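Read the single chain below, which is given as structure tokens and is the form predicted on its own.
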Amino acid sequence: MTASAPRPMTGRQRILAALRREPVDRTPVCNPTSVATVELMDLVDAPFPDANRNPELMARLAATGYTELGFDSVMPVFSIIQESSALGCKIQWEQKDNWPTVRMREPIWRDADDVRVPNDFLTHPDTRCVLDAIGILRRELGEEVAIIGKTMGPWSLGYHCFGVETFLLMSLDDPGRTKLCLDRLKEATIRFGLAQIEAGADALTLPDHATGDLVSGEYYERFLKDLHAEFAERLPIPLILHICGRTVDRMGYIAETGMAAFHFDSKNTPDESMEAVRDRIALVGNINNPETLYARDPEAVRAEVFKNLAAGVQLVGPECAIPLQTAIENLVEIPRAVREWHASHAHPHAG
């Protein structure tokens, strides 16, 4: 009597195991940031800006990452402005072919003394929408795929609420006041994260835009490393830190925070990134958006997927929120290429 083959993991099991750097049946395909496109919006009648403000439409559009694209996770927070809206920032909501943005030329704060998280922060329509959408996804897909929420880090919120230039100048001129701002803003990050966990999130993306072109690795260590370690302690599910740009100079610091994973940009090669983190943290990424997913063909996508798999990257997916005009055929090539690579290597990938 022959032994039956082990049952394949669900997407949820695969993602959570990889975030713990445990063995998986194949490398999971993960979207810690948005994979929404205009084509998917039209397919399920859930267009921007409505899908950023209506929980049923938000959940419906997020589900396409699994139902149409074949990813192992869904992520319903397509923008980076939900918390900032609840904090009082003015929002430009745009139309379905563009993301909503914060009007950073109209800052709401000028000094650390201005920073406060409103009492209605979690009941504001734009934060409540995310919590309700996660609840819907948990009920409909919760056993099949990993539901990834998103809570913005305090550096990003500082940009939104003070303006990028003002906030960066403050960090140069008055580091102490900057740290006070970050310490006060972290409560928004934590409160929204805890609320998403209660709503049913399996993991959280934590974008904190100390990007390589604006902030050095030394700046990351000085201002954010300890805060990020605190988030890893206070938010009791896996956290996926996201920072755009060339970040290999801070990956060693990031690997020491206790975060489960780092979502890395294509400006960093898979090999050098794996070397920088030395298996202290999982990596997620890093398929190029503008040149590959948006502008090229499935063959180019497959080549980038293979490069990540060969380097041992634990979770594969786009490097950041994809361009809204990205073709579906390029996105479905990511899970197809992962399956093809594993079939050709014919052994389980051990994280």
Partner chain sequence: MAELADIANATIRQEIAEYLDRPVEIERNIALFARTRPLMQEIAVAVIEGDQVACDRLTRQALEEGVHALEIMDDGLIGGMGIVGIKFRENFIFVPEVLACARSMKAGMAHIEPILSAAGVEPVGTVVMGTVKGDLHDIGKNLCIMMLRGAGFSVIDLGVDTAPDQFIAAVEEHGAPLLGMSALLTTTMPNMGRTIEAFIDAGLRDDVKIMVGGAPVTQEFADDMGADGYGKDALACVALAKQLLGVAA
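Positions refer to the first chain, counted from 1. Just so it is clear, the structure is predicted and the values come from calculations on it, not from any experiment.
This next part talks about the form predicted in complex with its partner chain, which is not shown.
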Subject >> Touches its partner chain in the predicted bound form: Ser171 (any heavy atom, 4.5 Å) >> reply: yes
**OP:** Considering only heavy atoms, tell me if Glu275 and its partner chain come within 4.5 Å of each other in the predicted bound form.
**Re:** no
**OP:** Report yes if any heavy atom of His124 sits within 4.5 Å of a heavy atom of its partner chain in the predicted bound form; otherwise report no.
**Re:** no
**OP:** Classify Leu214 as contacting or not contacting its partner chain in the predicted bound form by the rule of any non-hydrogen atom within 4.5 angstroms, answering yes or no.
**Re:** yes
Subject >> Contact residue in the predicted bound form, from Pro323, Pro298, Gly312, Pro47 (heavy atom within 4.5 Å of its partner chain) >> reply: Pro323
Original post:
Which of these residues, Asp271, Glu233, Glu106, Glu165, gets a heavy atom within 4.5 Å of its partner chain in the predicted bound form?
Top reply: Glu165
Original post:
If we take heavy atoms and a 4.5 Å cut-off, which stretch out of 224-232, 146-154, 180-188, 96-104 is in contact with its partner chain in the predicted bound form?
Top reply: 96-104
Original post:
Hey, with its partner chain in the predicted bound form, do Gln13, Phe78 and Arg280 all fall inside the 4.5 Å heavy atom range?
Top reply: no
**OP:** Between 177-211 and its partner chain in the predicted bound form, list the residues on our side with a heavy atom within 4.5 Å.
**Re:** none
